[in-house]
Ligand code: S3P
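Taking the form predicted on its own, here's one chain by itself in structure tokens.
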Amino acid sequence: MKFATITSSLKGELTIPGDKSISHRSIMFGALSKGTTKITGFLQSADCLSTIACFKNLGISIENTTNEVFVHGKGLHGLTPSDTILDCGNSGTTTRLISGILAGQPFTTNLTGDASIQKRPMKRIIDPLTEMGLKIISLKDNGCAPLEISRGNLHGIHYYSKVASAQVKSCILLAGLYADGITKVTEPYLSRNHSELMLKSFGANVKSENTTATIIPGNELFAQEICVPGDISSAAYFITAGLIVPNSEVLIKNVGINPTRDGILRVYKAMGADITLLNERTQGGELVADLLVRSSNLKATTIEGRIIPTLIDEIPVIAIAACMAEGTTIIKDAAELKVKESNRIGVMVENLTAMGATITETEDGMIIEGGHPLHGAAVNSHDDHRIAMSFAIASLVADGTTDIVNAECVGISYPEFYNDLEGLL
């Protein structure tokens, strides 16, 4: 897909699609609850549809209409064996969280995913689930999917995770629903906490203190009504575009600003961004606001440490903003980017270099010298939705034509992305 010429300004407003993390969890937790969970604002993306398909195969009735999703839960012990291998598609969230749920089921399940999922590290869930007493096998013996999960007599553990990962934490907590004692997960830094908030609303006995989440088994879950806020990870592209395209003013409505997810706002404020939060409110236990974004003269910053888990998915597009900022931006402690849908550090450096940026790859991040004009180039998305969307934004400030290979992969998380972007031009 080709994107041509420098954009003079962006104007208008848009409502961001539902949060991907919350959409996944609403299906999963609804399936494990008694009663019917009603979900509005559900993200109709490929990843979230993979979660629906998996739970249908596990015997859950799910009605997916235009505006609402109804999950007819069967309780914690109501899932039934799948007739087929569960296909998680491109979704790491589906793969890792469903593994925790399957840990408590009295049957054996095989699950797999696409080529990307079959390269992503699953040892980070295999190890704690094995410690809890589960028999879980990487069928290719490489620490990746496909996985075989068999019934185990689960016992509670206190797991010290080497990575701050909401997927790892959530997997262990979900297995903890079925354990014979208390389960705790301590992270090096606090990762996003959607599982803790939502599980608590469904009736689970979940507690959080500093970087430790605790679940006490024994409580049944009960159906809820869930209104999914807009995904700040999707909003990130339009926030960035509004800041770096001259003479722009963009209103982005209904954005989730959970403190474990709002790192991009804090970083951009530190860089001098003109971002105003309007209509702040709490919606289903999650903080939500409308974001008014205006063009800004950004200055470089250093991004590191405990803020990284709060913006890990936004780092590719933050790198685009850093190219337009005054000074040298340093991103570190972000080695997790290497095991996403692509090696996002290597891919960003490769593609931005092709567009004329001065950027250096480091072991756990990148160093970006701002102020060098970008020019159009052929860039490869590597089938990574966040890479494709980031370079669509880069094309707005690049001289000439930018050709993004497999730009259509944005359907993984944001099927209407290009239409929404065009609406602001």
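Here the structure is a predicted model, which means the values were calculated and not measured. Quick note: we count residues from 1 along the sequence shown, nothing fancier.
Just so it is clear, the following notes concern the form predicted together with ligand S3P, a form of the same protein that is not shown.
- The chain is drawn here without ligand S3P; in the model of the complex, the stretch among 70 to 78, 290 to 298, 163 to 171, 245 to 253 whose residues come within 4.5 Å of it by any heavy atom is 163 to 171.
- Among the residues I149, A145, I312, A325, the one placing a heavy atom within 4.5 Å of ligand S3P in the model of the complex is I312.
- Although the partner is absent here, K184 sits far enough away that none of its heavy atoms falls within 4.5 Å of ligand S3P in the model of the complex.
- Using a 4.5 Å cutoff between non-hydrogen atoms, T214 does not count as a contact of ligand S3P in the model of the complex.
- In the model of the complex, ligand S3P sits within 4.5 Å of a heavy atom belonging to S21.
- Contact between N90 and ligand S3P in the model of the complex is not found at the 4.5 Å heavy atom cutoff.
- Of all the residues from 189 to 220, the single one having a non-hydrogen atom no more than 4.5 Å from ligand S3P in the model of the complex is R192.
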